[in-house]
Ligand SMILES: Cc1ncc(COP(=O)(O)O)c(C=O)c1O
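Take a look at this one chain, the form predicted alone, written out in structure tokens.
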């Protein structure tokens, strides 16, 4: 099965990195708790991100950090403002913390999506207490937020604004430069995607000192296991290797986009992440999904994606995987014609 459904990095670490991880694993004291401050990990993240270690929170994936933020800023008297469709865990944790949902929808016309800036601004203006989540590049649509617009929003409100940059490395676009001047900005990132650590669960958050101090009070003291924390430190030292992977993934994304766009049965949306959202014209997305499975290709299928209805998303794989996906899709289209 070729797995193109979860936005994972398809490239495994090279042999020398695997050897370092193996050596680290053999010498690890699994019977001991990790350093609950995660000082070395935060210093590695600081070196990579260019943001001070004392203003970084590491989490068990970015999912844990989303929960911490909603524990801090959500609750029965608060609102979560976000734009649909987006990462489902925002709403999941909002419901778990009894935070009211203020979901706004993209404007959609064919293969064109427009971000509803005016509606978001109005929702923020009307919100007295809550938190704003903006995913950039957005999952699953793949487009980014304008830095100037973000700066305007940060200036116009005192509400915390979370910019989820889980796919930052595939776009090169970040709001990090706004952190120094805006105490209400929080940037969320993860090592699951770009650094291929989806199975080890390490995320991190960049923010001001006050926000980090508050989240430290909520964070479980040993929220990341010793192996994952140490593995992250090792992999963060291999940026040259991973940057080459990111370039191949971006090249694969553009190749996949051109291939999908060239097929009249497909409606595909531009993306700056490592995936493409697409729909089928005169074909059932569910049947296409099931047919791809029988051919050994797994993509993401939504029975009811907000605004879209049935929809599909393909992660960018290695080139032979991308080619297998396209070949299989062509076989399905030919069978239907």
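Predicted, not measured: the structure shown is a model, and the values here were computed from it. Numbering follows the first chain given and starts at 1.
Note that the form predicted together with the ligand isn't included here; everything after this is about it.
Practice task
Name the single residue among 176, 226, 201, 250 that comes within 4.5 Å of the ligand in the model of the complex, judging by heavy atoms.
Solution key: The option sitting close enough to the partner is 201.
Handout entry: Per-stretch contact check against the ligand in the model of the complex, the hit in 164-172, 212-220, 96-104, 253-261 (non-hydrogen atom, 4.5 angstroms)
Key = Of the stretches listed, the one contacting the partner is 164-172.
Exercise for the section: With heavy atoms only and a cut-off of 4.5 Å, decide whether residue 43 touches the ligand in the model of the complex. Expected result: Result no; residue 43 lies far from the ligand in the model of the complex.
Practice task
Check whether residue 90 has any heavy atom within 4.5 Å of a heavy atom of the ligand in the model of the complex, and answer yes or no.
Solution key: Result yes; residue 90 sits at the interface with the ligand in the model of the complex.
Practice task
Please check if residue 192 has a heavy atom lying within 4.5 Å of any heavy atom of the ligand in the model of the complex.
Solution key: Residue 192 belongs to the contact set for the ligand.
Practice task
Give a yes/no on whether residue 139 approaches the ligand to within 4.5 Å in the model of the complex, heavy atoms considered.
Solution key: Yes, contact at 4.5 Å.
Practice task
Could you list which residues of 59-94 come within 4.5 Å of the ligand in the model of the complex, counting heavy atoms only?
Solution key: Heavy-atom contacts within 4.5 Å come from 61, 62, 63, 66, 87, 90.
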